[in-house]
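Read the single chain below, which is given as structure tokens and is the form predicted on its own.
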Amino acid sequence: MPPIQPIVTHMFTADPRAHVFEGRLYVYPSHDIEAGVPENDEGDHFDMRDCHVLSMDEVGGEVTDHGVALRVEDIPWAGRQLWSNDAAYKDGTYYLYFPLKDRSDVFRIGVATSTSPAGPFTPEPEPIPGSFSIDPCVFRDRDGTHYMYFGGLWGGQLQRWRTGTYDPTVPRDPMDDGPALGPRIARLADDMKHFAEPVREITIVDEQGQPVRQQDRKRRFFEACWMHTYRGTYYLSYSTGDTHLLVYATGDNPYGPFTYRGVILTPVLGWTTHHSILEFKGKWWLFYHDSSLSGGKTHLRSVKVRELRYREDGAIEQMEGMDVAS
């Protein structure tokens, strides 16, 4: 099988969030650059400063780069690091959700709007009240309700919100073996710019119904959660971070709890991966990234896509990250 190629090669892209809007496939990636910032576990070298929108009529077809959709300098409350974004649509308006550090160097989640899925997007003057951490994923349920899933450890600062208040003294990687921190969820208000309820923590449990432990590093949540449904079941997928796996858990409602089910993608070339899953033209697709185009530089990544398959019992077939990714 030939190597899977990046969907674009004229720039570095990562963290793809894919959606079907107006019958066309749109991808909302981060835009990796060589910022000259030394690499560290806080992710300072991921110093993205704008984001683009990509689109295509079919997977494998010609990809259109619609240009810059949002810049850090256009965001009134901006500090630094415009990380993974996601998009949603409601009542004639497209919404772009993005994490960004404020001027106190604390990650918040902002929202910007456009009349086109391709942007450009105009940001709101303030971040979403009560938002924090990184990696927003906005999921539209069957009844039309929108939910935001978010959170990421280490540089994503989720561990600093363990008590509900930001505490910069909390260690990056707690060494206890208590229950793992879970991603967060909140239902969005009708205006799509606020939370309609208090933020909740999601519980991920093992096959025996016990919460996954902090030191169970091949199953615990780290970052990059995504939500989709298949045959009536809710699939929460996420990255395990320093063990470099893309895994999933299932539940019967948007809030969980979710039961760990297995690995979707084994480690790719690069530090970790970040993804989205959707159905398009009768097939299911996994969008993800690796560092093959940059020769393994962890901060210069490229978006790729491959077909995702389910078994009859609803399990996702595991894919190997390195066999065709480098």
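In this text, residue numbers run from 1 along the sequence as written. All values reported here derive from a predicted model rather than from experimental measurement.
Here the subject shifts to the form predicted together with beta-L-arabinofuranose, a form of this protein not shown in this document.
Chemist: Even though beta-L-arabinofuranose is not shown here, does it sit in the predicted bound form so that 30, 48 and 134 each have a heavy atom within 4.5 Å?
Modeler: Each of the three qualifies.
Chemist: Quick one: is residue 223 in contact with beta-L-arabinofuranose in the predicted bound form, heavy atoms, 4.5 Å cut-off?
Modeler: Close contact exists here: in the predicted bound form, residue 223 approaches beta-L-arabinofuranose to within 4.5 Å, heavy atoms only.
Chemist: So in the predicted bound form, is beta-L-arabinofuranose close enough to residue 98 to count as touching (4.5 Å, heavy atoms)?
Modeler: Although beta-L-arabinofuranose is absent here, residue 98 would stay clear of it in the predicted bound form, with no heavy atoms inside 4.5 Å.
Chemist: Does the 4.5 Å heavy atom contact test between residue 237 and beta-L-arabinofuranose in the predicted bound form come out positive?
Modeler: Contact with beta-L-arabinofuranose, no.
Chemist: Contact with beta-L-arabinofuranose in the predicted bound form for residue 292, defined as at least one heavy atom pair within 4.5 Å: yes or no?
Modeler: No.
Chemist: Out of the stretches listed (270 to 278, 255 to 263, 33 to 41, 62 to 70), which one is close to beta-L-arabinofuranose in the predicted bound form, meaning heavy atoms within 4.5 Å?
Modeler: It is the stretch 270 to 278.
Chemist: Output the sequence-ordered list of residues from 64 to 87 with at least one heavy atom within 4.5 Å of beta-L-arabinofuranose in the predicted bound form.
Modeler: The stretch 64 to 87, when checked against beta-L-arabinofuranose in the predicted bound form, contributes 83, 84 at the 4.5 Å heavy-atom cut-off.
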